[in-house]
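So this first bit is one chain, no partners, the form predicted on its own, shown in structure tokens.
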């Protein structure tokens, strides 16, 4: 009964935290989704109800209005990095700010496109629009990975931290090094292949794809497996090599877990290496866009 009571108590205590961690996309009943839809609808209505001559473009009154709204949105959206440094749960909580960041960022596509009047070219104005789309699309990718990858990370870790995974690999390497001492030179070289030519993370492509075609441990395991099988067929099993094979197989499993973990973390963080630099580039292009409009138009 006491155990059941303690378990129930934990469940009750966890409930407020679960509520507090509800998705930012549904913050306050999707308030910012409604605001963004309203802003987009208003921008479409303004664009549809005006008839600039000779054609819609950023230099008309409507274009200036939508451009001012778009520029204000871009500047405000870029402040989320500063907002993350301030901890509060009040009206402008980080969750609410993030929700607004996502939905108003999407509405920016409508506002900026209508601001241009669909007149885009190979110039600083087109560059600003392209950078804006890169920022928005990379942000959408970020939302997608944050919705799926943390659960995969948690399942793969199996309560082990990354340092613990790496320490497990180092422990297996120490066991392999000790077990290889009695082997002859050719067999010991196979173990050395696992010890010296085995990357855990590897390059970006390997981390993203999970492919390690030149993995020293995999090559060593395959070679030792072939020797063990051959000696079993000949009726001369070798306990030392069987132990080495067992350790190599354990290292294969530990490597797979660590590599999946690093790969998932890379995918979780990669979008920021596009999103953040593209945001700064967008701000620079926006400044050039605004200055060129006022100086030359």
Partner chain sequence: MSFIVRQVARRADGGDIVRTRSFAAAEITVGRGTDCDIQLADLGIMLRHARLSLLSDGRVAIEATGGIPLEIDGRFVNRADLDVASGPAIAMASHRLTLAPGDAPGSVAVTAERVIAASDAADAGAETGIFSLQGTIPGKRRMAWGLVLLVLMVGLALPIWSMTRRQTRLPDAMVAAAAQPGGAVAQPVAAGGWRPDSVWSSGPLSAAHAGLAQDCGACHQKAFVSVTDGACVACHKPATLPAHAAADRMVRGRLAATGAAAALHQGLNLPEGRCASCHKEHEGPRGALLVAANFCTDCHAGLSTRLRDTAVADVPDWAGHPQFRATVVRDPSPTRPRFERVSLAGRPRENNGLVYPHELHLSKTNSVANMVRRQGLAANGALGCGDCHTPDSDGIGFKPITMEGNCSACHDLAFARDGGVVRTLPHGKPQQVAGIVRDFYLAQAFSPRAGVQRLAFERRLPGQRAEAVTADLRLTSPGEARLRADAAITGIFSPRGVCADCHAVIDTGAADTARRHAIAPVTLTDRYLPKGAFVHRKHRSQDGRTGDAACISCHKGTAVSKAASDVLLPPVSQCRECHGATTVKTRVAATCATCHAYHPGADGHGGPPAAPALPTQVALLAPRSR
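For clarity, every value in this text was computed on a predicted model and none was experimentally measured. Whichever C-alpha set is largest while still superposing within 1.5 Å between the two forms counts as the rigid core. Numbering follows the first chain given and starts at 1.
Just so you know, the form predicted together with the partner chain exists too; it's not on screen, but the next bit is about it.
In summary, among the residues 79, 144, 72, 188, the only one with a non-hydrogen atom within 4.5 Å of the partner chain in the predicted complex is 188. This chain lacks the partner; the member of 44, 272, 37, 232 within 4.5 angstroms of the partner chain in the predicted complex by a non-hydrogen atom is 272. Annotated contact segment (heavy atom within 4.5 Å of the partner chain in the predicted complex): 176-184, selected among 136-144, 99-107, 176-184, 223-231.
Proximity to the partner chain in the predicted complex holds for none of 33, 243 and 256, with the criterion being a heavy atom within 4.5 Å.
Interface residue remark: residue 55 is counted as part of the site for the partner chain in the predicted complex, having a heavy atom within 4.5 Å.
Taking the partner from elsewhere, residue 210 is found to have every heavy atom lying beyond 4.5 Å of the partner chain in the predicted complex. Of the heavy atoms in residue 25, none are within 4.5 Å of the partner chain in the predicted complex.
Within this chain, residue 125 lines the site of the partner chain in the predicted complex, having a heavy atom no more than 4.5 Å away. Counting a residue when any of its non-hydrogen atoms is within 4.5 Å of the partner chain in the predicted complex, the hits in 185-221 run 185, 188, 191, 192, 195, 200, 201, 202, 203, 204, 207. Fitting the two forms on the rigid core leaves the C-alpha of residue 240 displaced by at least 2 angstroms between this form and the one not shown. Residue 101 shows a C-alpha shift below 2 Å between this form and the one not shown [criterion: core-superposed Cα displacement of 2 Å].
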